[in-house]
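To begin, one chain is listed below as structure tokens, in the form predicted on its own.
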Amino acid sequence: MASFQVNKTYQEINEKIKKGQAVVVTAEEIIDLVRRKGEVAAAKSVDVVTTGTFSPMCSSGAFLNFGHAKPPIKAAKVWLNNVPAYAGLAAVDVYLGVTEPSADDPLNKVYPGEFKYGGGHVIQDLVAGKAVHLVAEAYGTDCYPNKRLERDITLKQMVNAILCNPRNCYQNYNVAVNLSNRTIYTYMGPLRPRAGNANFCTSGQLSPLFNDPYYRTIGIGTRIFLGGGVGYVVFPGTQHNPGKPRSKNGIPLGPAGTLMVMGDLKQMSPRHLVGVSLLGYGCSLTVGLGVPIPMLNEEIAHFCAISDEELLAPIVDYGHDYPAGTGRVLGQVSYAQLKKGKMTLEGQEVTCVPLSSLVRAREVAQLLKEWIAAGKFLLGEPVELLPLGDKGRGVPTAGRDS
């Protein structure tokens, strides 16, 4: 067990939040603070660090209960604005996935497909207060005799609406390039031939799991900013892979940890849940997500102070290596370099383009900071931390000024 000079508890920090006395800074602000004061002094003076990201997160969706009609129906097939939802649950419960395209979308038959409207767009319309057109079909039973229901419905009229995202908030991700001789269309956006561009997709030093790389404070029950409202981490996300190789500072060198998150859709905002269309690939949802990091000790300060210059992302060829599953990495590049808009790959200067919005990631971190400072948002102590995996046991400890 590590011995720290600073030892705070969730209860102590929450008491300060309730009294309006908590010191809250964003994940960008803590970096300079630690550099000036050192880890111990920063850990003593700061109570919470807020993080943020705003990126396409395809593994997202919503459980919706649209309520019983008269006569009642046991829905077998459901469409919302002509986007199919999964109805294999209970009578009027459905799950709407954000990547589900409209039923009449030509997909990639007209290449590259535009994917103008899908599940993510439906969710954005709902949180914007718009009515969506509901169609439900059924085979009919003695207790649920209705075989068809068609009506317009708003989010407010739904009995329940729960955003439930199986895999959000990747801890690091690939920088996508295309070394083939033709333009390709991917979930990382269009990639021009011969490394004509490089696309990346995290907020770097603001990104939640970069600020707590060994999940010291993040786990089941962590309260978060989700889509403009309050949400929770409910489990490790699908494809959670914390055993990825890490650099000397403890940061994974490729896609590693993920979060499964959930929250009340009726609290959320169309500014922080935005339906997107990815040319030639499909539709998705851009999610605003922020995790508060409690400053329990100087080790937390140590990790929160890791900057874009020290955060490395793998460069991967989506023209051949990714679809072939080779696992080859062309090199590593810092987020500081990516955010400058140019990087060098094999002697060639390549333009770098983010799929995520740094402006909105900062907005998420700032909003969360304001909620906590105003006493409107208490920290949720996790009942179980995220699993580390076998390769995550050799955890470097704080030591810059200890």
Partner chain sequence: MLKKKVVLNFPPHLIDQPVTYKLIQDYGVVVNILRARITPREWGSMVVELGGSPKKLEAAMGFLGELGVGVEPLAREVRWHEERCIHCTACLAPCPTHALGVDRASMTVSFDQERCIACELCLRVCPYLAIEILFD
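All of these numbers come straight from a predicted model, not from anything done at the bench. Positions refer to the first chain, counted from 1.
Quick note: we don't show the form predicted in complex with the partner chain, though the next part is all about it.
Q: Where does the partner chain sit in the model of the complex: which of 251-259, 224-232, 89-97, 270-278, heavy atoms within 4.5 Å?
A: Looking at the other structure, the answer is 270-278.
Q: Give a yes/no on whether K116 approaches the partner chain to within 4.5 Å in the model of the complex, heavy atoms considered.
A: Yes, K116 sits close enough to the partner chain in the model of the complex that at least one of its heavy atoms falls within 4.5 Å.
Q: Verify the contact flag for K340: yes if a non-hydrogen atom of it lies within 4.5 Å of a non-hydrogen atom of the partner chain in the model of the complex, no if not.
A: Answer yes; at least one heavy atom of K340 falls within 4.5 Å of the partner chain in the model of the complex.
Q: Decide whether R362 counts as a contact residue for the partner chain in the model of the complex under a heavy atom distance cut-off of 4.5 Å.
A: Taking the distances in the model of the complex, the answer for R362 is yes, it comes within 4.5 Å of the partner chain.
Q: Classify R192 as contacting or not contacting the partner chain in the model of the complex by the rule of any non-hydrogen atom within 4.5 angstroms, answering yes or no.
A: Taking the distances in the model of the complex, the answer for R192 is yes, it comes within 4.5 Å of the partner chain.
Q: Quick one: from N172, S102, N211, T286, grab the residue that has a heavy atom within 4.5 Å of the partner chain in the model of the complex.
A: Looking at N172, S102, N211, T286 one by one, just T286 meets the 4.5 Å heavy-atom criterion.
Q: Please identify the residue among A69, V353, L345, A41 with any heavy atom within 4.5 Å of the partner chain in the model of the complex.
A: The option sitting close enough to the partner is V353.
Q: Let me know which residues along 45-77 have a heavy atom within 4.5 Å of the partner chain in the model of the complex, or say none if there are none.
A: Heavy-atom contacts to the partner chain in the model of the complex: F54, P56.
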